[in-house]
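Starting off, we have a lone chain in the form predicted on its own, written out as structure tokens.
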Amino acid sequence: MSSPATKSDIQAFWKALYDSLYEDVDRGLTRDALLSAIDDLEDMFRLRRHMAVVEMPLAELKGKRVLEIGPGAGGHSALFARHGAIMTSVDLTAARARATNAKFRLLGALAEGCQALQGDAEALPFPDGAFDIVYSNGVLHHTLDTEKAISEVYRVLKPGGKAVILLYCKSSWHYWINMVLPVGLLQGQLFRDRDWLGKATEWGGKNRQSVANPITRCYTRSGIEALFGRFQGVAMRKGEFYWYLVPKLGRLYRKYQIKKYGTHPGGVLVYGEPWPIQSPMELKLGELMGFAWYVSATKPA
């Protein structure tokens, strides 16, 4: 078995992935291009029924203090700021915090009071009850201690505040068919490496992967209920199913998918490239066996 991951390992991977996915997009970004990209991003999220537009009350964000944990390159935070949220964005990786701050600067008065900083999800540098909403999109399952991170989400929320969190789903097609079967069992990684799932997920962009992803976790419904046991009104729904992620055969489907359904420019801000539009069947299958748990929960008042 490999040695346990460290936070330095986590920082190294996510910095390398930032360079691969976002560096080129961010380098030439202008205010007008950013505003257009935010509009595209919101449209893409509505098409996908992503939690950024379903569980997040965009029309009610004005004046709300919102914390995003793990902002990536700042696309989600910029979207929320555009809708009037007073954003605080925290990332363990300095490059990602800088990229998010750069977008706030481009937004100018639209992002008044918004800031991004380097910080640790397991020890958030904020007082108790500081935020109306805590949002995190596919981040906290990559931490050393996800339970501690969720506890920090609870702590920094105001009583009555809302958590909106995406965590990976264990009871999903992608976990069992695309990951466990070909990588875990057929390649034998399940028996050789405690963090095999991390090493099999997340990479993308222009660069060849040179740094391994240290940690990825997936959760069952009962696992989510245990993580959010101190919250009330916990709601979960599944999303995100893609045939193109099927090993080998998925490459052929991706070509067909793009030809038939096209790509959406909303992907540029968050993936570094346009997003291949899902078929109606994939959207429906996402509700049944998708890889994402969209979780919303309230801190008791």
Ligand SMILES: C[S@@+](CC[C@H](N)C(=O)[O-])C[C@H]1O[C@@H](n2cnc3c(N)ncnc32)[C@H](O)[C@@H]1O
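Throughout, we count residues from 1 along the sequence that is shown. Worth saying up front: this structure is predicted, and the values here are computed from it rather than measured.
The same protein has a further form, the form predicted in complex with this ligand, not shown here; the description that follows concerns it.
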{"query": "All of His174, Arg217 and Tyr242 with a heavy atom within 4.5 Å of this ligand in the model of the complex", "finding": "no"}
{"query": "Which of 137-145, 218-226, 101-109, 177-185 sits within 4.5 Å of this ligand in the model of the complex, heavy atom basis", "finding": "137-145"}
{"query": "Candidate from Val25, Ala16, Met289, Ile10 lying within 4.5 Å of this ligand in the model of the complex - any heavy atom", "finding": "Ile10"}
{"query": "is_contact(Gly266, this ligand) in the model of the complex, heavy atom dist at most 4.5 Å", "finding": "no"}
{"query": "Close approach of Thr93 to this ligand in the model of the complex, 4.5 Å, heavy atom", "finding": "yes"}
{"query": "Partner proximity in the model of the complex: Asp132 to this ligand, non-hydrogen atom cutoff 4.5 Å", "finding": "no"}
{"query": "Contact test in the model of the complex: Asp195 vs this ligand, heavy atoms, 4.5 Å", "finding": "no"}
{"query": "Neighbours of this ligand in the model of the complex among 62-79 [non-hydrogen atom within 4.5 angstroms]", "finding": "Glu68, Ile69, Gly70, Pro71, Gly72, His76"}
